[in-house]
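A single chain comes next, written as C-alpha cells; it is the form predicted alone.
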C-alpha cells in the first residue's frame, strides 16, 4: 500500500512538473545586450530567449523561420530600435505574430550619425551606462505590465542592477584617465562607440560609418583616405570588433603602420563562458583593452 502511494505521488509530480514550467512567461529579445538586461530583471521567473547569438551582426541579420516560431511563444518582445535591427526585422517578427514590443531606446537622447540618406539616430546607445539604465527601466516597465504579480521582484532586481551600472560608469571614468588626452581617439571598423566616446572624452573614427552595410564595398580611394586619416591621428593602436570581419581593418592597420590594440565587443556580447558574456563584462573588457592599447 505504501509503495502504491509513493508511486502515485511520483507520477503526480511528473505530471505537474511540465505544468509548472509552462507557467513561466517568455521574453524574446533581439540582441544579446537586451537579453542580458532582461535576465537581470526577471531572474528565473521568466524564460528569456534571444534571436541573435554572440558575435552576430544585427544590422545585416535576416530572420529565419525558427525566429518566427520563437516569437510565437513570446509573452513580450524587446528590441533596441532606431534601425539597429536592419530592415526592422524585430518589429516585423513581433507584428506578424501579434506580440507586444518594447523598444529599449525610448527616452534616450540620441546622437546623430551620418547615413547615406542623411542624419539618423545612432542606435548604439547602450555603450553609455547611463543609457543602459534607461534600457533597464523600459524593460522593467514592460515585464511589470505583462506580469504584475511579480512586479515587486522585478523592481528589486532592477534596483540592484541600476546600482551596478552606476558603479560601472564610475569605474570607467577612473580607468580612462590613464590615457593622455591627445591619444583618446578610438578607431574601429564601424562607428558603434559614439556614445562611449561622447561620455568619456574620446574622438570616434571609423571606416564604415555607423552601419555595417558598407563594409564589403569600400573602394581603394576610400581605403587610402582612411589609412591617411589614421596616420594623421597618430594613435598607436586601432581596434577590431568581434561581430565583424576582421580582415579589412587588419589590412588598414598594416598599411597605416599601427598596431591592432585588440578585439572589442560591439553589436553583440561574447559567447557563454567568456569574459564578455554579460553587459558589464563586455564593457569591462572593452575598457581594459582600450586603455592598454592607447595609454
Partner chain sequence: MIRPVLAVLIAASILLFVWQYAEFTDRIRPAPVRIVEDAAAGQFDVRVVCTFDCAGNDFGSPALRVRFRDRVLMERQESVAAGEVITVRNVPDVKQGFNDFLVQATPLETAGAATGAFSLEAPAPGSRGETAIARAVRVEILQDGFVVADELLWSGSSGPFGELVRIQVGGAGHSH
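All of these numbers come straight from a predicted model, not from anything done at the bench. Numbering follows the first chain given and starts at 1.
Below, we refer to the form predicted together with its partner chain, which is not included among the displayed structures.
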Checklist entry - Heavy atom within 4.5 Å of its partner chain in the predicted bound form: which of 224, 112, 174, 98? => result 174
Checklist entry - Since exactly one of 144, 166, 121, 91 fits, which has a heavy atom within 4.5 Å of its partner chain in the predicted bound form? => result 166
Checklist entry - Are all three residues 39, 43 and 204 in contact with its partner chain in the predicted bound form, where contact means a non-hydrogen atom within 4.5 Å? => result no
Checklist entry - In terms of non-hydrogen atoms within 4.5 angstroms, which of the given stretches 23-31, 247-255, 44-52, 260-268 touches its partner chain in the predicted bound form? => result 247-255
Next on the checklist: Using a 4.5 angstroms cut-off on non-hydrogen atoms, would residue 81 count as touching its partner chain in the predicted bound form?
Outcome noted: no
Checklist entry - Is residue 182 close to its partner chain in the predicted bound form, meaning a heavy atom pair under 4.5 Å apart or at it? => result yes
Item to check | 4.5 Å heavy atom contact, residue 220 to its partner chain in the predicted bound form | outcome: no
Checklist entry - Are any of the heavy atoms in residue 240 no more than 4.5 Å from a heavy atom of its partner chain in the predicted bound form? => result no
Next on the checklist: For the stretch 222-238, I need every residue with any heavy atom inside 4.5 Å of its partner chain in the predicted bound form, listed N to C.
Outcome noted: 231, 233, 234, 235, 236
